[in-house]
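One chain comes next, on its own, written out as structure tokens in the form predicted alone.
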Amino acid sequence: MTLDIIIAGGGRVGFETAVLLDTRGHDITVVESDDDRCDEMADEYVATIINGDASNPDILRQADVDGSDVIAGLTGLPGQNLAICMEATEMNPEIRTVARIADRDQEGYGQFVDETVFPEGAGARVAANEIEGSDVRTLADVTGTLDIMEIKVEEGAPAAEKALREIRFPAGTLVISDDDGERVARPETTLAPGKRYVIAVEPDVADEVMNLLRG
């Protein structure tokens, strides 16, 4: 389904988001207040560019907030992102709102918008994966605490070569995928050494799960 999306803020995060959404076939409008940045983005031809302050109601109308499906406040100013989203909701109660936050302490913003995003957290996750190597990778934070991880089972680990129904994982663990993400895991799924499995895990049991899979 093609979505009409407004992105407030054409900085690094806003523009890269626009590029990605454009490749997925959505119609993107970027609102940016910096003249030079608008000129740079216009040369890329990935979105409709509006030069102005997205917190200005007239600019939001120009961006067609009434006819849009989603607005994402992705400037570097979380307070401004929140204000833009709340203003857009006043103008179009049906619009979905996404606000960029600057740190995890601002997740309380979520009570005022549909979603919050923390790009620096995602970047740190990618960096940590690369630093640690490829045997354990954090794929996503589902909530502020629950992690989705891809873990390679080590030869000789306590859970290696056992079916899931035979393994006593601690509460707070859910094995999601079969070998290398080919299928959803089932009770008869056997954890083969050298294969990777996607697992949801709560932080307080992460070490125990790691010991079962990595030894």
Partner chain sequence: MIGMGAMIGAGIFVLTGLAAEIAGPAAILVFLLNGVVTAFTGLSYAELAASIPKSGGGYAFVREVFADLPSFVMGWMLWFAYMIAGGLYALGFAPNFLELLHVYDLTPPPDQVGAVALPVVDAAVPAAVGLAFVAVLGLVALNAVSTAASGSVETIFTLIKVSILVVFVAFGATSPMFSSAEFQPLFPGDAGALSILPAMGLTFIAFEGYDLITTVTEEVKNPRENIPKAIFVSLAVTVLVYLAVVGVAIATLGAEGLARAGEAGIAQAATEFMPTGLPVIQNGGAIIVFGAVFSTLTALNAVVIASSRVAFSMGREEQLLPSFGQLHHRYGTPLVAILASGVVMLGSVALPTQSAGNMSSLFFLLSFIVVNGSVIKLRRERPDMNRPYEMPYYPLPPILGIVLNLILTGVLIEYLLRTDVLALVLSGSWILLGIAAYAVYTRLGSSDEPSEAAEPDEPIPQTDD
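Residue numbers count along the first chain shown, from 1. In this text, all values refer to a predicted model and were calculated from it rather than measured experimentally. Heads up, when I say rigid core I mean the largest set of C-alphas that superpose within 1.5 Å between the two forms.
There is another form of this protein, the form predicted together with the partner chain, and it is not shown here; the text below is about that form.
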Close approach of Arg186 to the partner chain in the predicted bound form, 4.5 Å, heavy atom: no
4.5 angstroms heavy atom contact with the partner chain in the predicted bound form for Leu20: yes
The partner chain contact in the predicted bound form: Asp179, any heavy atom under 4.5 Å: no
Contact flag, Ile59 vs the partner chain in the predicted bound form, heavy atom cut 4.5 Å: yes
Residues of stretch 32-54 in contact with the partner chain in the predicted bound form (4.5 Å, non-hydrogen atom): Cys38, Asp39, Ala42, Asp43, Tyr45, Val46, Ala47, Thr48, Ile49, Ile50, Asn51
Large Cα move at Glu166 between this form and the one not shown, threshold 2 Å, rigid core: yes
Cα displacement of Tyr197 between this form and the one not shown reaching 2 Å, rigid core superposed: yes
Core fit, then Val13 C-alpha moves 2 Å or more between this form and the one not shown: no
Direction of the Cα shift between Glu115 and Ala171 in the predicted bound form, where the change is 3 Å or more: farther
